[in-house]
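A lone chain, given as structure tokens: the form predicted alone.
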């Protein structure tokens, strides 16, 4: 009690009104105004700005509710401090930011910060505001519904729990802050504007799963559905454009998922650690809309791609639609939009090599600068040794191939395309000479990245 009195005394020196509460009231569940005196404090800073302090576990071993409501228009809450000390489970504290008890259309305008400042079982069950929401750091976060933007991070601090984390973030504007449940899950994210920006992509992460991300025009984000060693899944993403990364164990169809749809372009790297299999699973982009990389079996666990799981280049009804149903497809990367879909370990993408694998190139004059591009279905990396052996024989004969010295050639990953190995003559050598057929065979030093 001395701690509370000291805080209240300090605040009374800073503000004109402490006891009248201006445009904010705090109630028990369902607008019940019988919360014990001293369980909370509302501080009025004037100009419709308020702080709210929540202090007492007034229903130990039951459920303690704090519902925060406006009583007038234009209310801005700078800080809500959840400072209720209690056991970690069994005496939950449920906090809600709700419309007026008398008028459901009257809502708090903006909440800048909602912060957990004591140990206890704290559940931010609902935040329903007209404008923006800023920083939220609470153990478990339910529905965050706002008419404006998310301007700062929303972080669930729950201990390891596949049923808690962030339930819903629904913004009529944009989302500019990270959404994180590093030991929990994220169920639903929707923004009518953008999620992240090109200059500041956001982080979306959960240990157990991320269910749905929908509606946004542009999604600029690094998404990890299995952070902290988790085995999380992704169920659905439907946005216009995606730039960034997605890392998940696999795609789930629960509930009503199994679809990643990018209405204009996919410019993000999508990585699934395990298989991509089964009907009712699709990754969809428009014709020419795959500009990046999709990887399956990145964990190298013997995963497969097939059994009805498809990648669509072009939506249903488009006469130029291409449907990829498994590895080894023969469509060129250019026909997809420049990107690739690969099952690790990655095979050579014959049609996208230059020259195409198996083709003959006729040169009238020697060209020591001739370069061969060996493009794969996914990104590659090199060790210190030569990634391929190079053999040759006289063109248009059945002579035996003769092994050439690896030091006669230079090898590099194409800086403009991480899927491609570039092979060219080393300085001072003749490189690829006319009049010969060449055969390049991978060594153990050519690896998936």
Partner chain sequence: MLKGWIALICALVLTAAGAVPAQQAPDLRSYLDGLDWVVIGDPGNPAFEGGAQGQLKGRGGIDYRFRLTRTEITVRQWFQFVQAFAPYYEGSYGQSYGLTGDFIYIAGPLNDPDSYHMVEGAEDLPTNLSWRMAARYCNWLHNNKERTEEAFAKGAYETSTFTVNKDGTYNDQRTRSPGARYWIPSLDEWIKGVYYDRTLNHGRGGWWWHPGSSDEPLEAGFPWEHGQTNGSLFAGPPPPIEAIEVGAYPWIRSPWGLLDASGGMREWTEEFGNINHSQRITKGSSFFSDDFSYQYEDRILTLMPSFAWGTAMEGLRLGSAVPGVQYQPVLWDDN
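Positions refer to the first chain, counted from 1. Computed from a predicted structure; not experimentally measured.
Quick note: we don't show the form predicted in complex with the partner chain, though the next part is all about it.
Here the chain stands alone, but in the model of the complex its contact with the partner chain, taken as any heavy atom within 4.5 Å, falls in 206-214 among 223-231, 266-274, 334-342, 206-214.
Residue in contact with the partner chain in the model of the complex (any heavy atom within 4.5 Å), chosen from 359, 299, 240, 320: 240.
For the candidate set 76, 372, 123, 183, a heavy atom within 4.5 Å of the partner chain in the model of the complex is found for exactly one residue, namely 123. For the marked spot (160, 247 and 442), a heavy atom within 4.5 Å of the partner chain in the model of the complex is absent from each of the three residues. Mapping the unseen interface onto this chain, residue 105 counts among the residues with a heavy atom inside 4.5 Å of the partner chain in the model of the complex. For the chain shown alone, residue 408 is not a contact residue for the partner chain in the model of the complex, no non-hydrogen atom being within 4.5 angstroms. Within 4.5 Å of any heavy atom of the partner chain in the model of the complex lies no heavy atom of residue 155.
The closest heavy atom approach of residue 312 to the partner chain in the model of the complex falls within 4.5 Å. Along 168-204, a non-hydrogen atom within 4.5 Å of the partner chain in the model of the complex is carried by 168, 170, 172, 185, 188, 190, 192, in order along the sequence.
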